[in-house]
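The chain below stands alone and is given as structure tokens, in the form predicted alone.
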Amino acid sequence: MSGRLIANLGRNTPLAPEDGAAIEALLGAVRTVPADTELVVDGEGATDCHVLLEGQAFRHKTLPDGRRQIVFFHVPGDLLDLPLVFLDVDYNVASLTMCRVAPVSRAKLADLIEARPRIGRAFWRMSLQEAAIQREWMVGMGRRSAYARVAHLLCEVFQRLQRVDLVQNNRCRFPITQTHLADAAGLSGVHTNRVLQQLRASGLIELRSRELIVRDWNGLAAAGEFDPAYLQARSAPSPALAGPHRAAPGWKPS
């Protein structure tokens, strides 16, 4: 099960077999948690970090009046609370689906990072990639239309799931609801629904039975102004996803 984390770390930093064994030795007992469970709690001062081994989750901040902003979608192999190695976290992480997670002692992980610079670089680069995703979300919130914002989020989630082999036949499990998308894109539920209808009408996507089907990858990427370079994943999706871009009927930037 630790292979998810090791593969994630090794994508940008080649790890030796002994590095993988050292990381694997840190993982505690795997536990299964149901959907809609808070896996990381803001200000809790936990002694363990958490590795997502199976399932999907999301990072969020919630204001005192209950308004929620989703700031990250997690896929298997992510360390849910990477800043906890050196700082207390200032956000929550909740499960979207049933998840399998494993604890990692923050003290032991800090010691390992110090003792093995190659592992330290791998975690550092993981942190930098998270920061790149956050910057891209900030650009979207500030400068992209609602249509482009939602399309970009769909592209990002789809490609990150593809990277961990969770996309088959142009489709992936997609437990992210319209409410989640609205909270991630900073839109109302009504506006989000309208954008999704436009993406469907354009022939770019289908959403059914908690599944995302990409019908026209090139069109969806164009609609979202999506360049995967920030994900450090420059390879294109399967050619079967390609297709001519068709604008949604009657669509106007919003």
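Keep in mind that this is a model prediction, so the values were computed, not measured. Don't overthink the numbering: it's just position in the shown sequence, from 1.
The same protein also has a form predicted in complex with another copy of the chain, omitted here; what follows describes it.
Taken together, the three residues 101, 158 and 174 all stay farther than 4.5 Å from another copy of the chain in the predicted complex, as judged by their closest heavy atom.
Between 30-38, 184-192, 211-219, 197-205, the stretch whose residues reach within 4.5 angstroms of another copy of the chain in the predicted complex through a non-hydrogen atom is 184-192. Proximity of residue 137 to another copy of the chain in the predicted complex: non-hydrogen atoms within 4.5 Å are present.
Not displayed here, another copy of the chain is kept clear of residue 170 by more than 4.5 Å at the level of heavy atoms in the predicted complex.
With a 4.5 Å cutoff on heavy atoms, residue 73 does not count as touching another copy of the chain in the predicted complex; it lies far away. Contact annotation: residue 48 falls outside 4.5 Å of another copy of the chain in the predicted complex, judged by heavy atom distances. Shown without its partner, the chain has 121, 123, 124, 125, 127, 128, 129, 131, 132, 134, 135, 136, 137, 138, 139, 141, 142, 143, 144 in segment 121-158 as residues with a non-hydrogen atom within 4.5 angstroms of another copy of the chain in the predicted complex.
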